[in-house]
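In the block that follows, a single chain appears as structure tokens, in the form predicted alone.
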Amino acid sequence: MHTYSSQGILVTFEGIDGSGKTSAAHALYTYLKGRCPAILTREPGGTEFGKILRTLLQGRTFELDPKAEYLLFAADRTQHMQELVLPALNEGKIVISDRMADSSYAYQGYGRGVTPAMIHAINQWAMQGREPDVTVYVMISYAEARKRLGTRNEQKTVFEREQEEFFERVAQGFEAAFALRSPESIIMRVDGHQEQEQVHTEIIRLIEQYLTQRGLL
């Protein structure tokens, strides 16, 4: 069951690697920070503990059992919620997170083959029953995502090196994760094939409309 905090709004950004969700999350934060109390964070890496796990999980050069991989993400999520997210929500802030529990369900559950039901149960435990109020899902094809990743002047993560079949499963996993949400939790699907400015403008408009309806803007 979904349990909402009486204060604060949790907004998560999801999508496959290369979708543009990270730049979109930054754009939303830049827009909101002068209008209302907001913070920008990410998973993994939103805490000092998370930064260490992010380096391990994304930059490793060795094989890792999928269950162990997921449990490390879950450890990060637990610390992230306890140390940063829940306190900020209790202070009435808007928390914008680049990835959260849905990514584990999609990547480790559908992508890696870890039992999705187990991931769902542990995610709920790690997040203390707190679902996102809104998830912005930036949708993009594998071909376009690969093209964008190819232009980046940085080493690819273990996930960015995966093949098309993996990301097809991940996309299915996102939809499966969203289907488990409580009716109050909103999924905003945005076409990531648009120009970056168009994507950002659409997301800001949708979130602004949502926050206005909630009396927060």
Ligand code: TYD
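In this text, all values refer to a predicted model and were calculated from it rather than measured experimentally. The numbering used is simple: start at 1 and walk along the sequence shown.
Keep in mind the form predicted together with ligand TYD is missing from the figure; the text below concerns it.
- Using a 4.5 Å cutoff between non-hydrogen atoms, residue 159 counts as a contact of ligand TYD in the predicted bound form.
- At least one heavy atom of residue 21 is located within 4.5 Å of ligand TYD in the predicted bound form.
- Using a 4.5 Å cutoff between non-hydrogen atoms, residue 54 counts as a contact of ligand TYD in the predicted bound form.
- Among heavy atoms of residue 80, none comes within 4.5 Å of ligand TYD in the predicted bound form.
- Just one listed stretch, out of 140-148, 105-113, 83-91, 127-135, contacts ligand TYD in the predicted bound form at the 4.5 Å heavy atom level, and that stretch is 105-113.
- Contacts with ligand TYD in the predicted bound form, taken as any heavy atom within 4.5 Å, map within 58-80 to 58, 73, 77.
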